[in-house]
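Heads up, the chain below is alone and in the form predicted alone; it's given as structure tokens.
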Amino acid sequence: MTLIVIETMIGAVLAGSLCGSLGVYLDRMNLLTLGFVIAHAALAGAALSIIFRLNTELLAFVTSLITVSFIELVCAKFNVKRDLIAMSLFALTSSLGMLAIYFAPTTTLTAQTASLILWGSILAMTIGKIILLTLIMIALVIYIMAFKVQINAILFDRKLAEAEGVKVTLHATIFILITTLTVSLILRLTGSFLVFSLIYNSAMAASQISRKKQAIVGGALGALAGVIGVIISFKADTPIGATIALISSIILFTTLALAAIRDIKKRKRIISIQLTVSSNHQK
């Protein structure tokens, strides 16, 4: 196994575990739509970086941060539902990204560059990014442990947590910032169109498996999708972003199927118990 594949696999594990865990928290805080918008705002930033020849990750982060800040400003000032303005900005940032790629000078835009931004590349992960993702992971774990009581209160009931004096907006902002950083760093690995699959799929799959440890399960499923995706991409020479997204979807549908089977068995047991009780009562 080459050094490039090892680096990519480590990066995919970190990316998958971060996205999976963050997806659970965003979902429980009703902020999952923002994760979707962040990914497409990052696309616009990455595409603009081609035109202006700036750092892709930095401009993707700045664009995502501006987009999320604007959403929250509009929600606060004009009493507009977050999901509505988020979807509007999703359309705006996606169109800006596509237009930036379309109008980029041919001297700066190549098929390989466009493919890297849209679909990801197995060559995108570097030691520097691995270090940064590791630091983000450590910071996330320390933050969750340090504010476990407050975060659990928010997850249980956001309005009740606010009434108890918990700084709900501050904690939500921190999760959004960590998500924005993570998406910006892994954008060129998974591709801007598919990065949110690790957030959505892992969070939904985790909800089918566990009630209390969803963040851990979501992170594990995201990491699993990343590892399998990298191996298949390397062996079959398939686009890494699409492969990881496909594996993530397979994991999701597998958990849904298992949950359905579990529920059917549970209902059968309940019916069986009810019939037994009814039969004994008649006797």
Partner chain sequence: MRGYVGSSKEIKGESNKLFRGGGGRGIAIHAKNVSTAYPRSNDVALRNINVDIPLHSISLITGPNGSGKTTFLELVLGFLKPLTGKLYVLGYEMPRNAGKVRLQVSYLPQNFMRDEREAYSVEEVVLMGLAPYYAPFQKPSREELRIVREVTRKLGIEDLLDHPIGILSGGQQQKVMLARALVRKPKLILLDEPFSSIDRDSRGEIIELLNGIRKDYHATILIVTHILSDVTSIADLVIELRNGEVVKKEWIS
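The model shown is predicted, which means the values in this text are computed figures rather than measured ones. Positions refer to the first chain, counted from 1.
The same protein has a further form, the form predicted together with its partner chain, not shown here; the description that follows concerns it.
Student: Among 126-134, 87-95, 176-184, 140-148, which stretch sits within 4.5 Å of its partner chain in the predicted bound form, heavy atoms only?
Tutor: Within 4.5 Å of the partner lies stretch 140-148.
Student: Using 4.5 Å between non-hydrogen atoms, is L170 touching its partner chain in the predicted bound form?
Tutor: Contact with its partner chain, no.
Student: D157 versus its partner chain, in the predicted bound form: is there a non-hydrogen atom within 4.5 Å?
Tutor: Heavy-atom contact with its partner chain at 4.5 Å: present for D157.
Student: Can you check whether V80 is within 4.5 Å of its partner chain in the predicted bound form, heavy atom basis?
Tutor: Yes, V80 is a contact residue.
Student: Could you tell me if V166 has a non-hydrogen atom within 4.5 Å of its partner chain in the predicted bound form?
Tutor: Contact check for V166: yes, within 4.5 Å of its partner chain in the predicted bound form.
Student: Check each of A153, L194, A104, M204 and return the one that places a heavy atom within 4.5 angstroms of its partner chain in the predicted bound form.
Tutor: The option sitting close enough to the partner is A153.
Student: Judged by heavy atom distances of 4.5 Å or less, which residues of 212-232 approach its partner chain in the predicted bound form?
Tutor: Heavy-atom contacts within 4.5 Å come from K212 alone.
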